[in-house]
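A single chain comes next, written as structure tokens; it is the form predicted alone.
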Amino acid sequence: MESRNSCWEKPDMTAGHDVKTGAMVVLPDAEAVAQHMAKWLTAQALAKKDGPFVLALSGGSTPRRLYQILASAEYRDRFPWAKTQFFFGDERFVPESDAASNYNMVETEMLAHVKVPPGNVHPMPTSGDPVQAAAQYQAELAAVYGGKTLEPGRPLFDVVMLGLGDNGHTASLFPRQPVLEEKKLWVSTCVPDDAPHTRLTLTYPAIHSSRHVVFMLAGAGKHEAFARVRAGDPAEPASHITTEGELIWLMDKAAAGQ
């Protein structure tokens, strides 16, 4: 299996991709995955000239290392923080100070160490009524997008970062949950039956409206779920991820089964 770096340069916005057709970039280990993503993400952000660079962040151990790298001396003065709008792919409905909060992790590992305008960071609201919180977050996305209806050819996100759970979930699109049937809302709620916490999550339509979707996977523990999703097993929520642009599997050899 070869690393296909060329697919990272010019996504074909007319064709779109899914989990079966997306290119694979296989690197030696988790550190290489994080370093590669830092370099590529910075290049993408710097190259964006027509408006802000809109990014949906992911939680998890592999992104944690990415955020540490972006906050390091090598990147903190190169990454265009002021032109980037930081959103989140999902969030547990817990206080921002909670160790389970994705925002807490991103703030601790990256945002607290760089010069990013506070108005550029959009944590998912996690108090009050979850349905109202989801609607509030969709309104924030719509304000940055400049419209309330997603238009083909005008992506909501430049990059959506995703992980993959053992049960085939990605973001907080968990098996057997009504959110998997959502066709209109950009942000919705999810109450998993096999994981703690009510969640807010981007929906399939919101993720589809993207220039790039990047799955970051590391470790042999990810291989079985990856193999099912890559084959398009309809029982796996991640199998239904699509994008207008380019879908990339960025993974280490262990996750790829090599």
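Remember, it's a predicted structure, so these values are computed and weren't measured experimentally. Residue indices: 1-based, along the sequence shown.
We do not show the form predicted in complex with a small molecule, though everything after this point is about it.
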remark   = Checked S61, Q68, Q35, T198 for heavy atoms within 4.5 Å of the small molecule in the model of the complex; positive is S61
inquiry  = Given a 4.5 Å cut-off on heavy atoms, tell me which of 114 to 122, 129 to 137, 73 to 81, 166 to 174 is the interface stretch with the small molecule in the model of the complex.
reply    = 166 to 174
inquiry  = Residue-level question: is K222 within 4.5 Å of the small molecule in the model of the complex, judged on heavy atoms?
reply    = yes
request  = Using the partner position in the model of the complex, report whether S188 sits within 4.5 Å of the small molecule, counting heavy atoms only.
outcome  = no
